[in-house]
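Heads up, the chain below is alone and in the form predicted alone; it's given as structure tokens.
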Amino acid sequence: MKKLNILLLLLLIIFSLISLFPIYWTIITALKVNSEIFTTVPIFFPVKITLSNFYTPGQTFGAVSQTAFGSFPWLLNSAVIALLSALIGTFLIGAPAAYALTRYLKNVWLGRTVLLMMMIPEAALIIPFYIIIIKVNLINTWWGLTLVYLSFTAPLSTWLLMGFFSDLPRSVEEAASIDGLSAYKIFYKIAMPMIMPGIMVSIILNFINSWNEFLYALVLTYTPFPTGAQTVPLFLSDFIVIEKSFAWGGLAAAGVIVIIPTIIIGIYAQKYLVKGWTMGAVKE
């Protein structure tokens, strides 16, 4: 048994190193000088550490005019849009829909259509979304991109929270109903607080998905804050100086700055993630 535990520990260490290696490589690339970045044999430990990839006055990377520390307008847009789409998709759409599907409609196939919505590729929806956003005059705005992001945040929240609501004992809700609480109050004051770990998991996953989304932001936005709503994936794409060529130092430095918020959120919400994943399971 002891040998089995040691083997499992070694496997976990190996998988952890494999998972963390891309982050490590991004960080050391951001700290390398160009002579160490562009080498035939990869350098895993930089000899000369530099911070010039993050910011140097007057620095440009080929056709790129900004540096990593100039990412604030894009970071602000991403933070606002990702937060809005995660909260609206979870609290205003996902949770009520999941509760209705598990408590009132009780239709397995209707629940499966929610999962089907998540399988539709973004490319198939981008033209209809573009036409709609143009018609309502929300192009290149926070609300325009937020409404489009609800197409994947709301279905994910609904599908995920259906399992959590299914696990709730009905006796608690029945007791609240006998005490005179309306269906609305039972949902928001009884059911919602009891599945808070699931709510947190849904918000975190939706936030990360919205933070990393690229195609909708590329088509529906064209300027950063304060005149537009371009997000950080578009900021990173600016480090492509010519076809099939990248400003690797600046791109890695910008990547380090961009992943910091998601890492902080992941660490802070770790307890909710662990409890949420073990608490809920999708049931039919």
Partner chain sequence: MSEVVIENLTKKFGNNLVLDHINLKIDSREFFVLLGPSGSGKSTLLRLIAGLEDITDGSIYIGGKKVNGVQPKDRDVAMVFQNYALYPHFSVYDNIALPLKVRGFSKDKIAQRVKEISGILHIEELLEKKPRQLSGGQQQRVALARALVRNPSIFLLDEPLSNLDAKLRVEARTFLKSLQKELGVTTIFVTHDQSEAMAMATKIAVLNRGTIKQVADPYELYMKPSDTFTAGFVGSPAMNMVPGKIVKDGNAWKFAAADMALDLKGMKFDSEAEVIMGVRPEHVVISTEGITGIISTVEPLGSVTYLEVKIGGTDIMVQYTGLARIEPNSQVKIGFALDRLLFYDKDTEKLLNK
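Positions refer to the first chain, counted from 1. Keep in mind the model is a prediction, meaning the values are calculated, not measured.
There is also a form predicted together with its partner chain; it is not shown, and the following applies to it.
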Q: Answer yes if any heavy atom of Asn137 is within 4.5 Å of a heavy atom of its partner chain in the predicted complex; otherwise answer no.
A: no
Q. At the 4.5 Å heavy atom threshold, is Leu84 in contact with its partner chain in the predicted complex?
A. no
Q) Might Ile190 be said to contact its partner chain in the predicted complex, defining contact as any heavy atom within 4.5 Å? A) yes
Q: Please run the contact check for Ala176 against its partner chain in the predicted complex: heavy atoms, 4.5 angstroms, yes or no?
A: yes
Q.
Suppose contact means any heavy atom within 4.5 Å; which members of 152 to 175 contact its partner chain in the predicted complex?
A. Pro169, Ser171, Val172, Glu174, Ala175
